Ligand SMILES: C[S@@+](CC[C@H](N)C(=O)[O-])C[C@H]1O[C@@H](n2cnc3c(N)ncnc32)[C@H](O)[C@@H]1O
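Next up: a single chain in structure tokens, the form predicted alone.
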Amino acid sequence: MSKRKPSRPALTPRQRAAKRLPSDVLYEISVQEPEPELDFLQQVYRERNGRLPQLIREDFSGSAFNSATWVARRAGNTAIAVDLDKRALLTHSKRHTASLTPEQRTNLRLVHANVLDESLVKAAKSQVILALNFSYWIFRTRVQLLDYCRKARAALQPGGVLIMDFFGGSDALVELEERKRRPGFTYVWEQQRYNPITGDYRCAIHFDFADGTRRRNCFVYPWRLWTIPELRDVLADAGFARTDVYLEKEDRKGNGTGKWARTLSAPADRCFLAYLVSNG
């Protein structure tokens, strides 16, 4: 007598809607928040230059979510969004450009290119270059990363800054899964493999649904796990005069406040997020 498979739970309307969404949309819901990123961008540029920036370049931009949000934020803002993934850049960006005015669309330039392309150095100089979502970890050798940092510096205006985000702590070295509930689904971050000899690091994103199914390996990242001292050394060798590290301020209960401050030291937390801000 064959055993019957257990029936899967019925999905709510919100859960069914979430399961129908493309993985790119689930990713944006899970990890992207342009407004706080852009608030930080304005903060650090104004600290150094006494005014707000207008022209930014978003490297590894994916669907250009940050760039589209930037040009919509204030009249006169312009952005260059660069990505090697043509489908993400030219197709998925339509989700964000559809709501822009004609003028705002003209202020957003989508560039399908490798961020190491020499043509980007010769293009319009930017006031800020963003390298977010740890995407620069795709450079797994010091030579490659140094090449990127040198070209980024050459593409900045006087007073310009390069902003890179970072995560670290002892948990970053461990093969683990982290789960976060989102509306109608669960976002799963998996650190699949880490080689402490080479620094090679493989991470992946999955999405779990209430009926027990998983959309596995939607995004896979063959990275190198860098440290802040290594990155600051590379940035100095690339010609940046100074690289500051920013950590989020915490309240008395240890919760993040959304405010970021420069620091020269930090506790050895199991997991932490930071920004590295380099002056050209």
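Keep in mind that this is a model prediction, so the values were computed, not measured. Note that residue numbering begins at 1 and tracks the sequence as displayed.
If you look for the form predicted in complex with the named molecule, you will not find it shown, but the lines that follow are about it.
- When contacts are judged by a 4.5 Å heavy atom cut-off, Y45 does not count as touching the named molecule in the model of the complex.
- When the named molecule is considered in the model of the complex, V115 lines it closely, a heavy atom lying within 4.5 Å.
- The named molecule is not drawn, but in the model of the complex it has no heavy atom within 4.5 Å of S67.
- Contact annotation: F40 falls outside 4.5 Å of the named molecule in the model of the complex, judged by heavy atom distances.
- With the partner removed from view, the residue among I138, A204, L146, A210 that has a non-hydrogen atom within 4.5 Å of the named molecule in the model of the complex turns out to be I138.
- Shown without its partner, this chain lists V121, A172, I163, L84 as candidates; in the model of the complex, only L84 has a non-hydrogen atom within 4.5 angstroms of the named molecule.
- The candidate stretches are 240-248, 224-232, 52-60, 210-218, and the one lying within 4.5 Å of the named molecule in the model of the complex by heavy atoms is 52-60.
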